[in-house]
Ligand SMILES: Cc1cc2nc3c(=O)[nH]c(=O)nc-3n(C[C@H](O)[C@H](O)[C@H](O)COP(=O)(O)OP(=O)(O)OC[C@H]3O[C@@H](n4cnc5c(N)ncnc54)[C@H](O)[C@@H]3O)c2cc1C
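First comes one chain, alone, set out as structure tokens in the form predicted on its own.
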């Protein structure tokens, strides 16, 4: 009998398992495939929501807490695993001149470093930017990015460091209860017993909960991305324009994303999206025309109403918790979401008001 069992081995599930194990609990993590190979691996790793002022305050509160704690988390993961997740402060340049008032109003509470910059300053901030896009912009110099695949590798090492039992390629068939108290889960191979169960299965969360008669609004949203192989330093800043972004990695690779497609659980790439993203990449950074596309992939995000994640204990299902529905913001909201959930599970005082994330309220 374990203290806790986590269903879902993406970023949220891995962070949850790590935090509970750090607190001295025995933890098992069950993943239907390989750890972190769905949306956690597929995303860009920007430690900020895109256009953060468009989201409810409930999202911004989680993002701000995570942003403050990511540097220490990255250092701890490097120490525990030997893998550097490459947390890098590039800053985020947003070309949305018609949203400057919204941005400044939002920044008065959530990001005091945000400032509106002139066309001349935009050129200075990112010299490779298309000259046609040299217009008034919004500059957030404190924003970091993290390299998703390396973050997943570091988290795996951390889970091993803290003694988490990792069970991969195993799908949960049912969650077991006795008198509305969770007992564990059943897979095709065996039953795993636990005092608490967390469903952190991303886009598949609604399917798992539906078997228990629990309805939750999470839908898969496909996102396709491109990766260019360039020279280190070709692009220096994260740039966002018209819902498309470029993200420079330390080794010269440049990510371009992403699409938003409601196609169910079909995780496929298309030539149409590839062509569109390639065109958008050149619109933002014309110099990318001289470099090859190294990779084109797709991932399924857990879409939820307004992008607010569900973080709560299921009513009348004692010991069953949910941490899912982060949509495009799993990386930036993950640490804060996990802090909130584990404070509930460990009966500690939470850092945030629980109500905005609780479907039972």
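None of these values were measured; they are calculated from a predicted model. Positions refer to the first chain, counted from 1.
One more form of this protein should be noted, the form predicted in complex with the ligand, which is absent from this view; the next part is about it.
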{"item": "All of 38, 170 and 327 within 4.5 Å of the ligand in the model of the complex, heavy atom check", "value": "yes"}
{"item": "Which of 193-201, 92-100, 105-113, 283-291 sits within 4.5 Å of the ligand in the model of the complex, heavy atom basis", "value": "193-201"}
{"item": "Residue 155 within 4.5 Å of the ligand in the model of the complex, heavy atoms", "value": "no"}
{"item": "Contact test in the model of the complex: residue 45 vs the ligand, heavy atoms, 4.5 Å", "value": "yes"}
{"item": "Heavy atom of residue 208 within 4.5 Å of the ligand in the model of the complex", "value": "yes"}
{"item": "In the model of the complex, residue 296 touching the ligand (heavy atom, 4.5 Å)", "value": "no"}
{"item": "Selected contact from 322, 59, 336, 331, since only one has a non-hydrogen atom within 4.5 angstroms of the ligand in the model of the complex", "value": "331"}
{"item": "Residues within stretch 1-17 having a non-hydrogen atom within 4.5 Å of the ligand in the model of the complex", "value": "7, 8, 9, 10, 11, 12, 13"}
